[in-house]
Ligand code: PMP
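Before any questions on how it binds or moves, here is one chain, the form predicted alone, in structure tokens.
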């Protein structure tokens, strides 16, 4: 039998190659860690024995995250990016399908297919708000809600999230961009044992390169997730770096405020084309992907329901100035 007939079919990742000057396509934080903090990390690593495995469940980081959020360590699990945790969650729960609401984060679809789980899509309404996902809760393995939603940038109403939780089905609330928004719903973990909140150090904390995600849930759910999670999943470098950044949240908050200010500046400039956002990116109703690429600016080209739209990560002021100039030229020309 040919190998292509033996494996599941997945599209290959597209790797964009070229001498592009400005990268605004992956929702990364534009600020690297300052040298003095990197030096702190290096000092910590000098004390770390590389011949020993890290803590089996990354408890030192779990404790720091729990203290930071006002939970107990037993309410927190960390992973090699939040993607690993999505995969674990789909392995943990039984059911015939997962529920998503497009347009949203495509990795939910990816891992559902990987697990051989059916996908039920209950599309967001014209304002990108959740619709009647509860109607499809029977036999569902999990319901995924992204808030702020990627790629639209809007948050979902707390009342609606509670309504979905009342279905009793496991609800995965993805708050990867919550630091750029006004309010989190992580406190609902104290009331609903079917809620799992996903978070990440990749966005607001500026640590996309170290791949650390975490989830907050009831002690029972976290315990079950640890039972199916491979040991020593987080390396010492990632753990120490994330721990240290929690001690430097003043710098993180400073960068968050900068990004929000720049986000609102770009939004006002293109109010007729931009959708309101509470994330570190903007959705724009402009088919300018190729035009921007020619200018050396990389953004995310969208398809399907959002065909003709682009998603633009908020960069540094000088990068955003170039983006604004290029987009104004596009609008005038087309």
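All of these numbers come straight from a predicted model, not from anything done at the bench. Residue numbers count along the first chain shown, from 1.
Although it is not shown, the form predicted together with the ligand is what the next lines describe.
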- Query: Of the listed stretches (157-165, 117-125, 235-243, 172-180), which one has a non-hydrogen atom within 4.5 Å of the ligand in the model of the complex?
  - Reply: 172-180
- Query: From the list 247, 72, 83, 264, which entry has a heavy atom within 4.5 Å of the ligand in the model of the complex?
  - Reply: 83
- Message: Only one of 217, 89, 146, 98 gets a heavy atom within 4.5 Å of the ligand in the model of the complex. Which one?
- Response: 146
- Message: Although the partner isn't part of this model, could you tell me whether residue 202 comes within 4.5 Å of the ligand in the model of the complex, counting any heavy atom of the residue?
- Response: yes
- Query: Taking heavy atoms and a 4.5 Å cut-off, does residue 229 contact the ligand in the model of the complex?
  - Reply: no
- Item | Contact label in the model of the complex: residue 150 to the ligand, heavy atom within 4.5 Å | yes
- Applying a 4.5 Å heavy atom distance criterion, does residue 93 contact the ligand in the model of the complex? no
- Site check 105, 108 and 211: each within 4.5 Å of the ligand in the model of the complex by heavy atom: yes
